[in-house]
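The chain below stands alone, shown as structure tokens; this is the form predicted on its own.
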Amino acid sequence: MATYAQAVRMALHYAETHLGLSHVFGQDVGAPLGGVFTATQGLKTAWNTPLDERGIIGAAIGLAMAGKRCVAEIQFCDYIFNTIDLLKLAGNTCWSSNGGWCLPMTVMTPVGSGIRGSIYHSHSFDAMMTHIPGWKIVMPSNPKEAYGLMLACLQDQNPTMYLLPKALIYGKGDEAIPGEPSLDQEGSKQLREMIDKPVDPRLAAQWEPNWPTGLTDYTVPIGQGRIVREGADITVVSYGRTLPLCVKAAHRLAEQGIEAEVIDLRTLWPYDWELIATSILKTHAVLYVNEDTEVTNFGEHLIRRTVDELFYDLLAKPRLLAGEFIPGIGLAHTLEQASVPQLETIEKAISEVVAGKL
């Protein structure tokens, strides 16, 4: 019963042991903290950088050009925006060199709301990142897929962007990561004792992780979505923080006779259009849900493609439910709740789309 953070940590450990991962770095990524969300505790290859996002991304590009497999963390995606030109450079290097220079680098950064981080720690980055060609972009919604998608990124020759929904980072999964202890409270306690650094500084000073020995090369293919819940009345497509909310809304609406099919996109580029289209052809209605701001949202691209290719198969207008187009998210809990999709707003949107079917 690993948490999202533990899953990332175990994947990085597996990669530095078996996949040639040689550098994991960023602000507070190394000892003693092991990352602001503890996702890099105990890793042999983790080291701390200055507070310099451009330096972090530049170092990753240089290491990747030298053939070194690396993971660079930007502590919060709110501070990645000043590296856009470098991200664009990394994205076009393989293309502009006709395949001569590949960049096997992964950038990892927490995204989105859910921790009352206010205007400096609550931004989303998915739509902005999809505007930069040449990258593969993933956003897992549970610990098992956090593990599998990280390993997929660390075996890809392209630059990969690994977006962590910070609201889920300490949430536990209900599917076992191959090699972790049993999926129960005892297994959860055992895993904490094995790989979580003690809070007591006296114990922490002597601590060494005891990694599970059965970890495997379990990967989730980049570009492959997943049907999380089957249904016949509407297709709901989401990822990251809003995916579990969509599933919960679908279960609640089933009590009212509305059967929603929920798709976890898992990767934003490349994305599984075949899975989405097949589902829409079955349900004839679609709702796209994410928490990035609604203007130039990635869901708008998906709606455009839906209309271009599936217009005559729709029985209701396609709809996007996304974050409000505001400069930031307020510190107050009520302001954060009002700024991005919540369970009630998702449930309402699904009901309205279904009600509008011809």
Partner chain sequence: MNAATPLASSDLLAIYDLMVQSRILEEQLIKMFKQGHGFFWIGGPGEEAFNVPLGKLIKKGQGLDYDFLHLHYRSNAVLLAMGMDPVDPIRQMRNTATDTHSGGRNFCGHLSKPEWNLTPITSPIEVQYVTAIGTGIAQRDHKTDAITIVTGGDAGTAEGDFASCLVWSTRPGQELPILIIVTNNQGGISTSYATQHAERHIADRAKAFGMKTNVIDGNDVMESYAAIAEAMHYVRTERKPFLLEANVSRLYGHSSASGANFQAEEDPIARFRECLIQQNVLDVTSIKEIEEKHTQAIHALISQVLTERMPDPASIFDYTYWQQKGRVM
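Numbering follows the first chain given and starts at 1. Note that the structure is a prediction, hence the values are computed from the model and not measured.
The discussion below concerns the form predicted in complex with the partner chain, not included here.
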key: Joint contact, Phe76, Gly187 and Pro198 to the partner chain in the model of the complex, by non-hydrogen atom at 4.5 Å   = no
request  = Heavy atom within 4.5 Å of the partner chain in the model of the complex: which of Glu208, Glu255, Asp85, Asp174 fits that? Just give me the one.
outcome  = Asp85
query = Only one of Val36, Ile61, Leu320, Leu314 has a non-hydrogen atom within 4.5 angstroms of the partner chain in the model of the complex; which is it?
reply = Ile61
ask   = Residues in which of 281 to 289, 101 to 109, 117 to 125, 244 to 252 have heavy atoms within 4.5 Å of the partner chain in the model of the complex?
value = 101 to 109
message = Just checking whether Arg305 would be counted as a contact of the partner chain in the model of the complex - the rule being heavy atoms within 4.5 angstroms.
response = yes
request  = Find out whether any non-hydrogen atom of Gly330 is located within 4.5 angstroms of the partner chain in the model of the complex, and reply yes or no.
outcome  = no
request  = Report yes if any heavy atom of Ser182 sits within 4.5 Å of a heavy atom of the partner chain in the model of the complex; otherwise report no.
outcome  = no
ask   = Contact between Gln155 and the partner chain in the model of the complex at 4.5 Å, heavy atoms?
value = no
key: Members of 41 to 66 lying within 4.5 angstroms of the partner chain, judged by heavy atom, in the model of the complex   = Trp47, Asn48, Thr49, Pro50, Asp52, Arg54, Gly55, Ile56, Gly58, Ala59, Ile61, Gly62, Leu63, Met65, Ala66
